[in-house]
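In the block that follows, a single chain appears as structure tokens, in the form predicted on its own.
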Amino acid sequence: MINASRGVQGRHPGLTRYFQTLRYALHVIVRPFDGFWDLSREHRGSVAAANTIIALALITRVLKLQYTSFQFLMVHWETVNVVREMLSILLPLLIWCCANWCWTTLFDGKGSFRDVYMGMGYAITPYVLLQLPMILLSNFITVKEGSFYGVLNMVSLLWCAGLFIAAMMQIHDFSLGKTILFTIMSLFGMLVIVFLLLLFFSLLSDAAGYFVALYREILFRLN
């Protein structure tokens, strides 16, 4: 049996590596300082595992909207756009990674964009682990017992926030004070990036409108 297991691992080293890095998320969330240091320095994490965790978080968000009891989450599905709900998690995460990496690169941060992205991916593991059982739990408790649901919801978010801070400290080798400073700067950087994106798409829309109007004018003249 052992030889057979080793044979499978030998034939699929990439798959074995993937499951090892995915399982490593459980170590990271309970020992974040050692975990995030080894994540980037010892290459114990992977982008594939981070992608999987983020994908699970997106699915969890949709399942939460669909199956959480109306006593705790009232959803009007006629106004819900699933793609928009998923982008509400994915886009801020990507913009945060970009802003954080840009700032820290200028001020001797040790982490690459890949490290920042992996760190953020692994840091949202508690959201998946706690929110999924809470969906089921919400259908078995009453409103009077809702405080327990609220506490679990808060724990999942605070746990993720704490892991975010630990990830930035260890990946960039920053002190707590410097991490908090660059967290604030990264939030400001996100606003700048969003503004530039909106400006770019606005100019692109105006340019497209101009060429469409020009095309119609040419057709009108020719006819």
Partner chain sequence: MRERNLRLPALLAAALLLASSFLPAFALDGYDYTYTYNYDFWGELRESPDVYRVESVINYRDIGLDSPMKTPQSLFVRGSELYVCDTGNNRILQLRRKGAGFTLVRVIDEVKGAEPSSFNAPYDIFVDDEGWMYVCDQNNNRIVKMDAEANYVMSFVKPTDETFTQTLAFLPAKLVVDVAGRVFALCKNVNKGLMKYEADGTFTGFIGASEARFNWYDYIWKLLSTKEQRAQQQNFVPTEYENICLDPEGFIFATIAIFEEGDITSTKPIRRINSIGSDILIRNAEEIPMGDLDWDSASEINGPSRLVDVTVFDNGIYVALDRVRGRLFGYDKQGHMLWAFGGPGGSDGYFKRPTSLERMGYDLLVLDQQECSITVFTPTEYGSLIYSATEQYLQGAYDESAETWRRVLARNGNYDLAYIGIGRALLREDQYREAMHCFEVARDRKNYGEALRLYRKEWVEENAGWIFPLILALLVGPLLIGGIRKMRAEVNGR
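Given the structure is predicted, the values throughout are model-derived calculations rather than measurements. Positions refer to the first chain, counted from 1.
Here the subject shifts to the form predicted together with the partner chain, a form of this protein not shown in this document.
Student: Please pick, from 151, 74, 87, 106, the one residue with any non-hydrogen atom lying within 4.5 angstroms of the partner chain in the predicted bound form.
Tutor: Looking at the other structure, the residue within range turns out to be 74.
Student: Would you kindly say which of 91, 82, 136, 143 lies with a heavy atom within 4.5 Å of the partner chain in the predicted bound form?
Tutor: The option sitting close enough to the partner is 143.
Student: Among the candidate stretches 157-165, 62-70, 179-187, 47-55, which one is within 4.5 Å of the partner chain in the predicted bound form when only heavy atoms are counted?
Tutor: Result for this chain: 62-70.
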